[in-house]
Structures are given as structure tokens and as C-alpha cells.
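Presented as C-alpha cells, the chain that follows is alone, the form predicted on its own.
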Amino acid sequence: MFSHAEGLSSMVVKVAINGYGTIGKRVADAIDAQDDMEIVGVTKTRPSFGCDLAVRKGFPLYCTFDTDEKIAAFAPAGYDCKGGLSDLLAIADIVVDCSPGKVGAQNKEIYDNAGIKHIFQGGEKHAMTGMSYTSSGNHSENMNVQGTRVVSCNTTGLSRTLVPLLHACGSLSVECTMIRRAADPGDSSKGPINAIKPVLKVPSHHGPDVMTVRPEISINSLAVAVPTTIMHVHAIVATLPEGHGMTTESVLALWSEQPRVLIMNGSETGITTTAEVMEFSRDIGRKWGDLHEIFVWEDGVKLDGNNLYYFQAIHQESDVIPENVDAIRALMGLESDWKASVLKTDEAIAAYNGL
């Protein structure tokens, strides 16, 4: 890593990806697109088809474990494994943990012992790091910290539309219902198959998790899982304070100025379902058909007195991907202006994908 005297603007951050799966492969590509970051290695627990993608991308392959037996298992499968996780951490400035949820505490101990900065995903608890992150919500609070957690796809989506409202109105009370996909498209082991499954923990964690990045937003949420794999939908009622001075049109104008929020009229475009939102993303050439933006139906937004009603759709596999890049810049002290970081991140990803 460059010394501070050489200037932050010249720093190229060496990034390790621990867990090269649904999120990890996307985060790796997003980081690879940036001119101030480089991937020094990605981990897999064992030889698998995911290793092929890492090899084709030119990302050095490491084993999640440090045991010689686990590392040696890659060679017979035809993969050049450079070493274990400790070897990877030794050459990195920061690690983005994209391993399965609930293993964070074990990994955090490893990162702390290695003295390396670290970013976890939303499957882990806020208390584990004491910090959470969304670009629009609290980029500045995460500057130069040792570790943070990029919040979940749903919390990221809620923050994208609620934080601008908070700034415009001063306070906010929110009730939302999350209509959640049952599994990611590549996961055939989960359900429900022919049922609607309420999440019987009330409130669900999704809404209150917003308060880990913006505690001024009073929010509760309910959640139900439905038999789809492509997106989540939020049905939101946000109560604005008296004298808020907003209209439906001014809310839409406010959101239209925000990065990573996409507003379209369902009646005019014919995009009235999540299937059509995902088809739109594929049509415009997004890699993996990803949609980093939060999709808001313009004709589903209505401000009635103090209550703002709206629907938004969340692509659970991808909306957090650029957030990880911005979180790296915050933790490494590269960019204090969150909008400048977002612009740099998004332009680099678009160019990387030839868009």
C-alpha cells in the first residue's frame, strides 16, 4: 500500500474477496472496474465451478481455510491455489467478506488478528462491527474506520428512497411490508414452492436495520416470502411531519435527483411487474441482468396529507454491489464525498461492462 505521504489520490487499494459466490463474484467485478482498486485474490472453500470463473477473470485463487489438506485439494481439480486465507490477507489492504451469513464472528476474529480492514455483508449483525454502511446514509461516518457492514439489499433499498426524504423533511415515520423472494435464482434448495410464508418475527429486521445507518428514521416492517426468485417488492407508507411542504411531484423530483434510484411509469412503459423490471435490465445489457438501482413505479407513488404511499422493487443479488465499492473508499479514506464516490463507481462499472 502506498504511504500516506504519496497522497490518497494515488493509492491503489489491494482488495481480498473472502467468498466468491453470488455476491462475491459481482463485488469482484465491480472492484476490478475501478482504477483505484485491484483484486489480489478471491477465496473458495473447495474446488468447484466457481473457480473456473475466477481463473477466467485472472483473479488469484486462494482457499478459505489455512490447512494444507484443504489447499492441496485444488491441484488435482486443475486449479492453482496460491495458499490459504491468511496468505491472502497478508498481501491485502482490506478484505470484503462475502461468505455465507452467520460465519462473520469467526471471520472477524481472523481479520482482527491480521490487523486488516474489513467489510461484511447484511447477513451479519450490526453489533458485530458496531458500524453499518449505505452510501447515501452514512458514508462520512464510515471514513477511516477499521470495519463495517454493508447493509442488506432491502435495507439498502429503503435507505435510497427514505434518506433523501429525511433530509428534505427533518423527520420520518415509516411502516413497510417486504414481499420477499423465496431464494436467489441459483438456489434450488429453498421454498416456499406453493405458499405465502409470513415472517413471524415482528417487526422483521429489514426496517429497523435502516436505523443502524440513520437512527432518525422511525421505521418498522413486516415481511412475507413468496414463490419467486427474481426480486423483492416493498409496499411503504412514510409519514412526513406537519408542514412538510412536499407534494407527490416534488417527492418524485427529489428521488429523480438521487443516484441509484430509477423511476418509471408502469402504465406508460408496460413495466408493471418485477419480471418486466428484470427483462428491462437484461434488454439494456446489464451483466447478469443485474439492476443496481432501486426501481420505483411513478404511478404507484401518492402523497395524501402527511402519508406518502409507494412501491419499490429490489434486485437482491445486485443493489449492494456498488455499495461495497463505496464502502472501500470510505474505510480507506479515499473519498469523503459520497456522491463523488458513487459517480466514480457507477461510471467505472458501466465502462467495464461496455455500456
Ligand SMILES: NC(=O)c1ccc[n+]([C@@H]2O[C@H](COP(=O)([O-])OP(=O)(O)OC[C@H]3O[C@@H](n4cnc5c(N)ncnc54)[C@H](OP(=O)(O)O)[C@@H]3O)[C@@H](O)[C@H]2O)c1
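Not measured: the values here are computed from a predicted model. Numbers follow the displayed sequence, beginning with 1.
The same protein also has a form predicted in complex with this ligand, omitted here; what follows describes it.
Visitor: Answer for Ser99 alone: is it within 4.5 Å of this ligand in the predicted complex, judged on heavy atom distances?
Guide: Contact check for Ser99: yes, within 4.5 Å of this ligand in the predicted complex.
Visitor: So in the predicted complex, is this ligand close enough to Ala73 to count as touching (4.5 Å, heavy atoms)?
Guide: No, Ala73 is distant from the partner.
Visitor: Spell out, yes or no, whether the shortest heavy atom distance between Arg286 and this ligand in the predicted complex is within 4.5 Å.
Guide: Answer no; every heavy atom of Arg286 is more than 4.5 Å from this ligand in the predicted complex.
Visitor: Hey, in the predicted complex, is Asn307 touching this ligand, heavy atoms inside 4.5 Å?
Guide: Asn307 lies outside the contact set for this ligand.
Visitor: Quick one: from Glu141, Glu279, Asp112, Asp184, grab the residue that has a heavy atom within 4.5 Å of this ligand in the predicted complex.
Guide: Partner contact (heavy atom, 4.5 Å) among the options: Asp184.
Visitor: Exactly one residue in Ser135, Ser132, Ser221, Gln121 has a non-hydrogen atom within 4.5 Å of this ligand in the predicted complex; which is it?
Guide: The option sitting close enough to the partner is Gln121.
Visitor: If contact means a heavy atom within 4.5 Å, which one of 52-60, 317-325, 286-294, 29-37 is the stretch that engages this ligand in the predicted complex?
Guide: Comparing against this ligand in the predicted complex, the contact stretch is 317-325.
Visitor: Where, within 253-276, is there a heavy atom within 4.5 Å of this ligand in the predicted complex? Residue list please.
Guide: The stretch 253-276, when checked against this ligand in the predicted complex, contributes no residue at the 4.5 Å heavy-atom cut-off.
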